[in-house]
Every structure is written in structure tokens, then in C-alpha cells.
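The chain below stands alone and is given as C-alpha cells, in the form predicted alone.
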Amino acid sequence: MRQRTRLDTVRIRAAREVIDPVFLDTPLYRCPALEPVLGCAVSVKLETANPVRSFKGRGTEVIASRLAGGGSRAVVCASAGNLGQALAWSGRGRGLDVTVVASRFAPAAKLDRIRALGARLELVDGDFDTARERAAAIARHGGVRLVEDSLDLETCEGAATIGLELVDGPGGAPPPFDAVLVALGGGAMATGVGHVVKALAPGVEVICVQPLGAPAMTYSWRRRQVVTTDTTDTIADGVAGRCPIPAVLDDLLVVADDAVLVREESITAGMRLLLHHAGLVVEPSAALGVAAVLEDRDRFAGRHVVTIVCGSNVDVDAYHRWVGAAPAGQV
């Protein structure tokens, strides 16, 4: 394991200068309505308050600004939906030729939005990792820049600007919270935010959260080596990867204090809580932090945690099924 990450705090601060301000300085606020049911103080970092409704635009802005500066203006990525939307947005604004490869089973709302933003969309039979393989083939054969989420430092360092906004308090004051709950998929947000938090506020605990039905990165973190899975089974499509990237795992091992797995019913309960107590419609990946508190209230009792609400691109019909009726005894 490396003792340092691939990320650089100076570059992360510089990234803020090239990211469209529409993605920066997202709301961060304490949400007292959530606190009685969760048993701890909760602050929300709202990464859905932007045109692509997820944090991914921070990283794609860094990538697109560099591509627009010279070289190939064609770019391809694999996406579960949110990265594709973000790259399409950033590319459209800079005149790039964007191709997005996605599973045909991805949420229709995300696929429709990618098309609407002007990207070329190619669908594959299979899951996100199948789409990754196809995107890599397009890049190889066409001489196109491949954007690989989490492996490309721009995606991590763009996401890391969230960490700057969390810990750069007025007058250098330490943040009021003692833990950050971060959704864990490929690892861009977890390693990016984790890098900044550990560099600038090392006393804050970085806790990564992943669905039990898509546990590859968490298993890899626990065993300190890459662990792949054959399948995934979770409604949290944005974090449903099977094949962790070794370099990203090495970064995660440096910055994450813990990685936990949560059940599907906890994810839907978290979505329900965010709707009823915070007025937030979120996709399943964005409710992972709340789900982690629900599953281990004793661990967080009396503490102040921040949960990063990372996306709100959700199929309306599916959302209503997930949050419509709470099982007996649940919120």
C-alpha cells in the first residue's frame, strides 16, 4: 500500500478555478428534522443542486477544460448514468465530441438526459463493467480519449473540491462535524473527499458506504487487495461495480477510516427519510450515508455527521415504488 495518494491538494485547489461555478459551493446545512430519528446531529452536503443533479460535473469540468485546450476533442466514457450526463454537459459547453457507453438496463431517465445533452449514446447488454470494456475498445480503435471514472485523477480531484468546501471553514476554524459519510462505488468521491479531509481535518472520520448487493470495493478495502464479484444486486445503480481499480483501492486504503455495507431496505428507508424530513428526492446511492446511520445508531449517537447527497437522477416510477409505503415499524 502507498503511504500517500495519487491526489495533490495544490492541484485540487487549482481545479476550482476551471470548474463551472454552477457546480461549486453547493449547499451545506444542518438538518434538525432528521436528528430525532437518527439519534445524531446531521448536516447535508447537497450535490444535486446543479444542472446534472450529481457531483460528477466537478470532475468532468476538469477533464473537458483540459481537452478543450488542445489535442483530441473526442472523448468516450462508460457510465451508469451520472458521469455520462456530466461529461455530456461539460463537453457540449466546450465543443467536444462525447460518446457515452451504458448498460441498456440503466435507468431510462438517465439515458434520456444523456441524449438530450447531445452526447452519442451506445447501449450494451450487460452491466457497468461490460460498458467499461466497450468504452475502452472504442478509445483504442478510434484514437479517442477514454475517461475512466476514479482511475482518471481529474475525476477524483474534481470530486475532492467537495472536501475543500466541507473543511475550509471561516477563519480556519475546524469543522463542527466529526464524521463524513461518503457513498462508495468506483471510488472517485471517496478518495477525493477522503484525501482532502485527511490532509486538512485529520480528526474527522471518513466512512465509506456501499450496498451489500455491490460489495466489491468494500471487500477489497477490508482485505487490502482487489476483490471482484461476478454480479451485483442493488437498486443503487450508481455504485454497482464489480471490478475495483487497483490504483484507486490503494488511495482508498490511505484515506478511509472504515467501509461499511448496508441492506437494500435501509437504503429505501434512507430515501424515505430524506424525502419526508428534508424534502429531498434522491437516488439510492445518495441515501447510503443515512442508511449507514440507521443500521448502526449506537456508533453515531451524540455525534455530528455529514452525509454527501451525491445524486438525484432517479426514475420516477421506481422512486415511488421504493419510497411509497414503509414496511411495518419503519419510517
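What you see is a predicted model; the values in this text were computed from it and never measured. Residue numbers run from 1 along the displayed sequence.
In what follows, reference is made to the form predicted in complex with a further copy of the same chain, a form of this protein that is not presented.
Shown alone here, V18 lies farther than 4.5 Å from a further copy of the same chain in the predicted bound form, counting heavy atoms only.
Contact between T268 and a further copy of the same chain in the predicted bound form is not found at the 4.5 Å heavy atom cutoff. The closest heavy atom approach of R113 to a further copy of the same chain in the predicted bound form falls within 4.5 Å. In the predicted bound form, none of the heavy atoms of R58 sits within 4.5 Å of a heavy atom of a further copy of the same chain. For the three marked residues, G169, P174 and R303, no heavy atom of any sits within 4.5 Å of a further copy of the same chain in the predicted bound form.
Screening 260 to 268, 293 to 301, 64 to 72, 48 to 56 for residues having heavy atoms within 4.5 Å of a further copy of the same chain in the predicted bound form returns a single hit, 48 to 56. Scanning 9 to 45 for heavy atoms within 4.5 Å of a further copy of the same chain in the predicted bound form gives V22, P27, L28, Y29, R30, P32, A33 in sequence order.
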